[in-house]
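What follows is a single chain, given as structure tokens, in the form predicted on its own.
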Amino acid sequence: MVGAHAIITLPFILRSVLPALQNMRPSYTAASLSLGAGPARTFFSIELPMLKNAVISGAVFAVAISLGEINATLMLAAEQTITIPLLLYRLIGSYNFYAACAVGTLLILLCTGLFSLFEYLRDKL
């Protein structure tokens, strides 16, 4: 299931990270490497801080898509696997609309809380 969600969300993550990566000046990386920093230190000290907002935006897209994804769960998961969208689908299918509204409200609150957390982290980091 994790692999399926990773494959589903990968294009959206790449869509947010690649433009930031293409706009990054290669001279910063070259200067860091020429001053003796290794590739790992250059990545974590120079490149990753410059890509921070794009990575967080990609993470927001990944969470949003993954929280609402029901198709991969229906096709690949075992019968005892229950996710929030699958529970919502089953409740609506059994005409238990009040419980479905409650689960839908929880999903909305969860998404709102996570997006608020991501925005807070993006501003603070």
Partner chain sequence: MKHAETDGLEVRNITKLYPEFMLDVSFRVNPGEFVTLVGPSGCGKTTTLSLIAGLLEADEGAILLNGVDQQSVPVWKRSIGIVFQDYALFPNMNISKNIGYGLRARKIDKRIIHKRTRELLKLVNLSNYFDRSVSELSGGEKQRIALARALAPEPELLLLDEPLSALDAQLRKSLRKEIRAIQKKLSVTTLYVTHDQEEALSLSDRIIIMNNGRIEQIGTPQEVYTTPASKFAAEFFGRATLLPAVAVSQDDQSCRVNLPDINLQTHFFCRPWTQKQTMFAASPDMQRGLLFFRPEDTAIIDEESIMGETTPGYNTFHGAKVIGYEYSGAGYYIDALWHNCRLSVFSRSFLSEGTNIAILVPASDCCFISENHE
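Numbering follows the first chain given and starts at 1. These numbers come from a predicted model, not from an experiment.
The discussion below concerns the form predicted in complex with its partner chain, not included here.
> So which of Ala64, Ile56, Leu91, Ala37 gets a non-hydrogen atom within 4.5 Å of its partner chain in the predicted bound form?
Selected residue: Ala37.
> Among Ala72, Ile46, Ala99, Ile84, which has at least one heavy atom within 4.5 Å of its partner chain in the predicted bound form?
Flagged contact: Ile46.
> Since the partner isn't included here, can you check whether its partner chain sits close to all of Ala6, Phe12 and Val17 in the predicted bound form (heavy atom within 4.5 Å for each)?
Zero of three within 4.5 Å in the predicted bound form.
> Any of the heavy atoms of Ala31 lying within 4.5 Å of its partner chain in the predicted bound form?
Result yes; Ala31 sits at the interface with its partner chain in the predicted bound form.
> Is there a heavy atom of Met50 lying 4.5 Å or less from a heavy atom of its partner chain in the predicted bound form?
Yes, Met50 sits close enough to its partner chain in the predicted bound form that at least one of its heavy atoms falls within 4.5 Å.
> If contact means any heavy atom within 4.5 Å, which of 22-30, 56-64, 91-99, 76-84 contacts its partner chain in the predicted bound form?
Partner-contacting stretch among the options: 22-30.
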